[in-house]
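The chain that follows stands alone, in the form predicted alone, written as structure tokens.
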Amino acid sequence: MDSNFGAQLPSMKTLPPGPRSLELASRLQDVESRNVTWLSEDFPVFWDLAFGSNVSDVDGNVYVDLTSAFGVAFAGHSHPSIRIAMDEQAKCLVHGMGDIHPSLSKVKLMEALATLAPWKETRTVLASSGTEAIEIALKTAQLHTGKAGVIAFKGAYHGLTLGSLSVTDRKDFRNPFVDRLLETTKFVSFPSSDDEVARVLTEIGSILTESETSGIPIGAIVIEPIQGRGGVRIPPEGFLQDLKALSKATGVLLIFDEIFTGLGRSGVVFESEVAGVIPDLICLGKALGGGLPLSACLGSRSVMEAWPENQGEAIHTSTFLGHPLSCATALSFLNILKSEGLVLGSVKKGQYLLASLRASLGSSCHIHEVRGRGLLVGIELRTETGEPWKGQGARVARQALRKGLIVLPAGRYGEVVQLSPAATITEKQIDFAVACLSDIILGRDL
């Protein structure tokens, strides 16, 4: 491995996917449910090594990763300090009994999260994945308010387990299981302009009023402060404040899904710092575990005490709750977040990335908007007639892969190219990515 691996530009030995990736795809097809991994002649590649902002596949190709593996590797792939923390914890305790005989690392992690949280007294429930954190938040809201109804937003992605799926607005995910989903969720538009804010707030107010006399009363509003998979959609300034005021006035809990945005990705630790809003519950995941599976639902003591005191049996728990290895890597990640200034780095590098993309892509008729905050950026593509360019995000991702760049599609119609690189990405890697994406989107590589 090159000593500069992590900060390298791409080095392509074969046209991806190479022969070993194709062989592994064939083997995978024989053993995995066909629903899981999308396989085609030009996708995917199989990862072998990852460090910093570089990924090497099994054929020896080196890529620049602008996804940080779904936003998980915010501190960079395989950060040395995180690896050390994992190794040290593994020497002592790999697995514990999280809700029976907990580990020291579990206590330390929740103490660290409490110092970051926006409430004076914070209580936390740990889990393994973001969808579990959402499940916990929805349960908490129902226990606290006594109301099962939820308001969610169009374009939202909160996970695919049944509770989380009920507040996820994607027909392709929901339709096969709609008969199992309780009709407790009302979806409203996610506002994209100041003109839409008043209409959306009025609609929410009407739903809250009507639900008290007919249907299922609403106990929670769940929102991504910035929609991630929905296409990096940022609400107008002041909307989250208005939403909080409305939820407080009606006794409804406001849940921030910060699984993607939280812990520095959007240039702040929590979106409440930007919005001037303290939600009732915050869900974290992705970057939190430093590369290992870990999520959390955080709330104020007053809200979380809706849960009954454990009398010998927890009514929400899991086998791997507070897993010692994940808690140790999470503690290391939180230390890196502070010691290496990743939050400020996200702001500065995000501004550089956004400005470079806007300058390079210019006013092409295919660019509807280049938007983002911190290191969460979306390029929304339109046809020449101004319609969403359906599926173009995936086409860009496939073409970028051939050039040594890893990106993901997003948006309701797959019309957005989503970028969520590590905070350790270099300017040279950003410059390469911008040039690569510009060539593809503007047709200069045809």
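Just count from 1 along the sequence shown to find any residue number. Quick caveat: nothing in here was measured; it's all calculated off a predicted structure.
What follows is about the form predicted together with a small molecule, which we do not show.
Residue in contact with the small molecule in the predicted bound form (any heavy atom within 4.5 Å), chosen from Glu271, Asp280, Glu224, Glu135: Glu224. For the candidate set Arg371, Lys244, Arg229, Lys139, a heavy atom within 4.5 Å of the small molecule in the predicted bound form is found for exactly one residue, namely Arg229. Of the heavy atoms in His323, none are within 4.5 Å of the small molecule in the predicted bound form. The small molecule is not shown here, and in the predicted bound form it never comes within 4.5 Å of any heavy atom of Lys349. In the predicted bound form, none of the heavy atoms of Ser356 sits within 4.5 Å of a heavy atom of the small molecule. In the predicted bound form, the small molecule sits within 4.5 Å of a heavy atom belonging to His158.
Taken together, the three residues Thr131, Ile259 and Lys286 all come within 4.5 Å of the small molecule in the predicted bound form, as judged by their closest heavy atom.
Of the stretches 180-188, 109-117, 200-208, 158-166, only 158-166 has residues with a heavy atom within 4.5 Å of the small molecule in the predicted bound form.
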